[in-house]
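Consider the single chain below, provided in C-alpha cells and representing the form predicted on its own.
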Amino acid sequence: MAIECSYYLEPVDTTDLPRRFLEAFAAILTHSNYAMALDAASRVSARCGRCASTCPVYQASNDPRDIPCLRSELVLNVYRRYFTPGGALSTRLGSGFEIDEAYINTMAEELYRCTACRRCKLECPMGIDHGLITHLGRWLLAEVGIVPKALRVATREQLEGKTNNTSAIPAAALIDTCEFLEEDCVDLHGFKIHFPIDQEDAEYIFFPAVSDYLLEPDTLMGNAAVMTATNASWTIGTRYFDGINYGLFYSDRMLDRIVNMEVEELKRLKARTVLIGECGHASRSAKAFIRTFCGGNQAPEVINCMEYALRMVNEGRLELRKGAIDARVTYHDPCNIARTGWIIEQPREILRHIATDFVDMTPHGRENYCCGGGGGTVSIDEIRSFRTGVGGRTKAEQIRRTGATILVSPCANCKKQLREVCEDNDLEHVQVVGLHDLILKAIVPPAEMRVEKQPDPESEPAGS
C-alpha cells in the first residue's frame, strides 16, 4: 500500500518496507542510547492517560490518537515485539503481532500530529518522555524514506544544496540584505548598526533562523543594534549562516550533520562562542547537541541572544528606555527553550522594564502551552487547518484572555505559527513580534551610533 498522508513528497519505496523498518530500528538501538529509554518505558505502565490532561492537541481534538502515551505505544509495541526476550517468546507461541505496511502508514500519520512540546513529560508519573519516543519514531520512518516534504526539501538544500541553508539564500543575497538593513536602520531609527561579515577571531559567531533574513528585518536590526551598542566582537559567516536544524524534529543523523556545520564555520573563522538568534529549536539544537556531537566538554559555548542582551543590560553596557512600549504586551514561551527552565525570566526582565503594561499568560514558563506548530509541523502548510484549529486552539484562547495587542515570540517557527493562529482565530488585532523588535524601539544608542539627520533641501522655504 502507498503512504496515504498528503504531505509526503516522493513516492515511498514499499519494497520489503517492514523488514527495512526493523533493520533501521536494530541499527539505531545498536549505535545510540535509545535502547535504555525504550527498555524502561516498555517495562512500566505507559498508558495511564494522565498525559492527556496536559496535551493541548488532545484537549482540542478529543481524539484518542492524540493521547501521548497511546502514540508512544506505536513505537513501544514494535520494540517489545521484536527487540525483547518476551517478544521473541510471544512469537514462538504465535501470539505476537506482525508489523506491516498498514501499521507503518498509521505511524506516518499519527506521529506528525504531535507538536513534540514535551508538556506531557511534566505530568507523567513515571517520567516517560513521550516527545522523545515520538522523535525516535519519526527517525525510524525517515530511515526508510518517509519524511514530510517540507522537512525533506529544506534539509536537503541545507546539507546538499548550493546555498547550504533552508531558505536557499545565496551568500551574496545575505550580504546585500545586511547592507540594506544597515541603511534602513539609519533612515528609520536614526542610528548606525553594523553586521560584520567573515571577520576572523571574533568572540561570537551569529546563527539566527535564516528565514529572519527574509521575514524579520526588525528582529535582525535589533540583534545588530544590541551587538553594536555593546561594542561586541561578533561575525556572520558566509559559508554557513543558518541556525535552523530540522534534524531535531525527525532525524538524529541530520541533527548531527547540521550542528557540525555550525562548528566548522566557527572553526573556520576562529570564533569562540556560538550565538543563536531568536529561534527556540535552533537554540536547543545548538545548546544540547553541539556538546553531544562536537567535542563534549571541549565543545564551544552556546548562548541565546536574549541571554546576551540581558547580561549587557545588567552590566550597564546596554541602555533601554523604561516604559518605551505603551501597548499591552504578552510573551509566548517557545517550548524548546522554556520546557527545561533554560530561558524563562530573561526576556521577561527586559519586557517588564521597557513595557508599561506587560501581562503573562496562564500557564507560562516551563508549563507553557505550545504555539501548536512545534516539532516541525509549522512547516507543513498542508495541515494548517489542523495546526491553527486544533494544535493552536488552546494558545489562541490564552492570547485572547490576556487582552494584549503585542505578542512577543522569540522564535521564527513560533512567529509563523502564531501569526496564522491569530489570523484563523479572530485575533487579527494582535501583532506578533520578536523581543529584539521591541528592544530596537527602546534602545538608547551610544553617541557614536547616532546620526544627525540632514535637512532635506527640497523642504527648505523659498529664499532661505
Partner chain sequence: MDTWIELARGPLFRIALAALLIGLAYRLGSAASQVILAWRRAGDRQLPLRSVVTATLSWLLPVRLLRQRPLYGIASLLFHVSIIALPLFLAGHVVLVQPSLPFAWPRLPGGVADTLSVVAFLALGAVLVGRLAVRTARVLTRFQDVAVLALLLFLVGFGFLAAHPALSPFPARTMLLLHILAGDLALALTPVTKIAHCIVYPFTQLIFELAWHFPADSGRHVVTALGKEGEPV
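None of these values were measured; they are calculated from a predicted model. Positions refer to the first chain, counted from 1.
Another form exists, predicted together with the partner chain; not displayed. Remarks below refer to it.
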I'd like to check something about Ile406: if you look in the predicted bound form, is any of its heavy atoms closer than or equal to 4.5 Å to a heavy atom of the partner chain?
no
4.5 angstroms heavy atom contact with the partner chain in the predicted bound form for Glu101
no
Wondering, does Glu183 line up within 4.5 Å of the partner chain in the predicted bound form on heavy atoms?
no
Is the gap between Lys267 and the partner chain in the predicted bound form 4.5 Å or less for some heavy atom pair?
no
The partner chain isn't shown here, but in the predicted bound form, which of 430 to 438, 392 to 400, 60 to 68, 417 to 425 has heavy atoms within 4.5 Å of it?
60 to 68
Quick one: Ser167, His189 and Arg239 and the partner chain in the predicted bound form, is every residue within 4.5 Å by at least one heavy atom?
no
Of Trp139, Phe206, Tyr308, Tyr369, the one that lies within 4.5 Å of the partner chain in the predicted bound form (heavy atoms):
Trp139
